[in-house]
Ligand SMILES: Cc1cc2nc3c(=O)[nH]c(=O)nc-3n(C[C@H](O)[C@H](O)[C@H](O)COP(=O)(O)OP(=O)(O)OC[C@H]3O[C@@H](n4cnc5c(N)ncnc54)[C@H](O)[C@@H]3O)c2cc1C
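Single chain ahead, by itself, as structure tokens, in the form predicted alone.
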Amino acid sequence: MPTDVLILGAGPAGAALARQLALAGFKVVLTDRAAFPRSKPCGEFLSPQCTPYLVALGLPSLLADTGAFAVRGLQLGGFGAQATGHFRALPERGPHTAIGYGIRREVFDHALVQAAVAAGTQFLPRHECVDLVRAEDGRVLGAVLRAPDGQPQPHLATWTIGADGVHSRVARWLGVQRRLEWLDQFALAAHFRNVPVRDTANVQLLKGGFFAATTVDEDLFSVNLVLPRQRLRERTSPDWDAFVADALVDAPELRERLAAGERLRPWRGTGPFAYATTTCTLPGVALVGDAAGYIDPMTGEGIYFALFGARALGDALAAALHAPADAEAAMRGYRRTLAGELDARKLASKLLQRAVRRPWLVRPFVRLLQRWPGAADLLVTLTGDTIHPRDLLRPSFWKSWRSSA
């Protein structure tokens, strides 16, 4: 008999969705080609607005239990200018919105998967999705999974969910994914120990790219260097440490912090990061998290996008499973909710990515933030997802913002 929901991909979006639906009493199968815990190159930052979604999943202490590091602001620098802003808690949204968290993905993702299993989800690690199962009319009926013994086997489901990340096979098989060629960027990521601890994350802008770094659990320091693919191709030495050191010349503050640090693992690469989708739902199937479309946001909003999308899709799937005749209306609601929350944020990410290519524009902007700490706090709180861009148009928001100072 088909399961209610088959989720392909056990990252934050897939695991959060699995827990929500399992808690609601649905039969859920969660799969991933990896065994957990597993390491994953990532910015490893949860913006403040992630916390309410964990609370809604019944996991209010997950971050404390896993030793996540509290991050209270963001240092933004580049092209000879530096500014620091802090997350503000808006009175109507609770004190938790003033704190973000740094945590390794291998720790966070594993904890979410365990929480999904504790809620009743069946988890199938080391199961690779090799195809979709479709009806004659094209409706998706499930997926073909290759088990650890190498044997492919169909798994049928009322709903199949692609939560398989930025390079989603599901989105590609559905024919709804397209790359954004103008943003052909890759990342190098590594962890360091013995780096001075600060309660601010760090984004250092470079021409065409950036460093993103934060302290995470166990006081490790997570560093990501994101650059255009062409810069990686043009490197003249096979030594990645030397390559990163060359980039650090344009990020002197971060270079100083890393001077006494010890890299724990080799640099790992991942990318590209820019994909869009023409739709995130089709009959019998939906996309969530990075699989639904992704532009590297620089400021660490990826996990927020995943948790928000999982909540919205979970609500839609619950409605569709309870009333199959109204499934399309439920999926329209999911698409509308996702677009309403994320489209403006993704547009802001696009603009920021394009601005990095224009130092003459970035330098005076950062210096402006340095002179006006309130403006720096506003920008940082906006990137922390507590504020939506449309809030800036509401007079009531500005009243709340002034009272939060």
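We number the residues from 1 along the sequence you see. Note that the coordinates shown come from a computational prediction; the quantities given were computed from them, not determined experimentally.
Below, we refer to the form predicted together with this ligand, which is not included among the displayed structures.
*Region of this chain that lies against this ligand in the predicted complex, out of 316-324, 234-242, 302-310, 251-259 [heavy atom, 4.5 Å]*: It is 302-310 that comes within 4.5 Å of the partner.
*May I ask you to check whether Pro48 falls inside a 4.5 Å heavy atom distance of this ligand in the predicted complex?*
Answer no; every heavy atom of Pro48 is more than 4.5 Å from this ligand in the predicted complex.
*Contact of Lys346 with this ligand in the predicted complex (heavy atom, 4.5 Å)*: Taking the distances in the predicted complex, the answer for Lys346 is no, it never comes within 4.5 Å of this ligand.
_Non-hydrogen atom contact Asn224 with this ligand in the predicted complex at 4.5 angstroms_ = Yes, Asn224 sits close enough to this ligand in the predicted complex that at least one of its heavy atoms falls within 4.5 Å.
*Could you tell me if Gly209 has a non-hydrogen atom within 4.5 Å of this ligand in the predicted complex?*
Close contact is absent here: in the predicted complex, Gly209 is far from this ligand, nothing within 4.5 Å, heavy atoms only.
*Partner-contacting position among Gln114, Thr158, Thr270, Gln177 - heavy atom within 4.5 Å of this ligand in the predicted complex*: Comparing distances to this ligand in the predicted complex, the residue within 4.5 Å is Thr270.
*Listed residue (Ala187, Ala171, Leu76, Val140) with a non-hydrogen atom within 4.5 angstroms of this ligand in the predicted complex*: Only one listed residue qualifies here, and that residue is Ala187.
*Are there residues in 113-149 with a heavy atom within 4.5 Å of this ligand in the predicted complex, and which are they, in order?*
Read in sequence order, the residues that approach this ligand (within 4.5 Å, in the predicted complex) are His127, Glu128, Cys129.
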